[in-house]
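Quick setup: one chain, the form predicted alone, written in structure tokens, and binding and motion questions come after.
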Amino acid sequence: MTGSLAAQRSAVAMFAAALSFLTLAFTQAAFADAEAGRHKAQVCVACHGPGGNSANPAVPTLAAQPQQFIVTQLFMFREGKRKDAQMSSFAASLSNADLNDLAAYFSAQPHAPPAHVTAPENVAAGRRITEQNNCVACHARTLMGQQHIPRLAGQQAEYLRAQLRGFKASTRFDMDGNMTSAAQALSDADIEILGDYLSGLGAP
């Protein structure tokens, strides 16, 4: 019991610290330089594609993601809360200005029309799952995200499935626990359908 309480307190303290930083970062976002972000993002092209439009099913598209979301995720990678071999290494040396500049650049890039075509039988099923599980309440009715919540429409299918599996297994970092909680209700079949459905949306 004591260990569990200590872990809960640690999680709350971490959330408060992250929230404090992100509040400051979002305040500084008005001074972000998207052109500077374009130059800093050149190294990102190899994985995330030109303008942040990924062609790799396992790598997320960054174009048209909400600016606050990008800042948040880069911060989490930098602080070691979210882990990935390439992203953790890249983010480790980023300054607060870098976070904001990169976010300003990628959020302003047009989202390319999705190359993925959803299987006809998954259209209605996918829509039903997003409504029943309140995906549309947080990610917006269009599933294009808002504020610190990511755009799902047009995201890479395999990346989406991997993140949902991680949330369901509690192995994917989740700052406020909302996605970990939401993913518990998803079956493996639901996750397969969502990846197919969401990836086929994405029209601006």
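All values derive from a computational prediction rather than experimental measurement. Position 1 is the first residue in the sequence shown; the rest follow in order.
The next section is about a form of this same protein that is not shown, the form predicted together with heme C.
Peer 1: Just to confirm, residue 87 within 4.5 Å of heme C in the predicted bound form by heavy atoms?
Peer 2: Answer yes; at least one heavy atom of residue 87 falls within 4.5 Å of heme C in the predicted bound form.
Peer 1: Find out whether any non-hydrogen atom of residue 142 is located within 4.5 angstroms of heme C in the predicted bound form, and reply yes or no.
Peer 2: Outside the cut-off, so no.
Peer 1: With the cut-off set at 4.5 Å between non-hydrogen atoms, does residue 35 touch heme C in the predicted bound form?
Peer 2: Result no; residue 35 lies far from heme C in the predicted bound form.
Peer 1: Answer yes if any heavy atom of residue 96 is within 4.5 Å of a heavy atom of heme C in the predicted bound form; otherwise answer no.
Peer 2: Although heme C is absent here, residue 96 would stay clear of it in the predicted bound form, with no heavy atoms inside 4.5 Å.
Peer 1: Does heme C, in the predicted bound form, lie within 4.5 angstroms of each residue among 68, 112 and 201, using heavy atoms as the measure?
Peer 2: No, none of the three is in contact.
Peer 1: Taking heme C in the predicted bound form, which residues along 152 to 180 bring a heavy atom to within 4.5 Å of it?
Peer 2: 152, 155, 159, 160, 163, 164, 167, 172, 173, 174, 175, 176, 178, 179, in sequence order.
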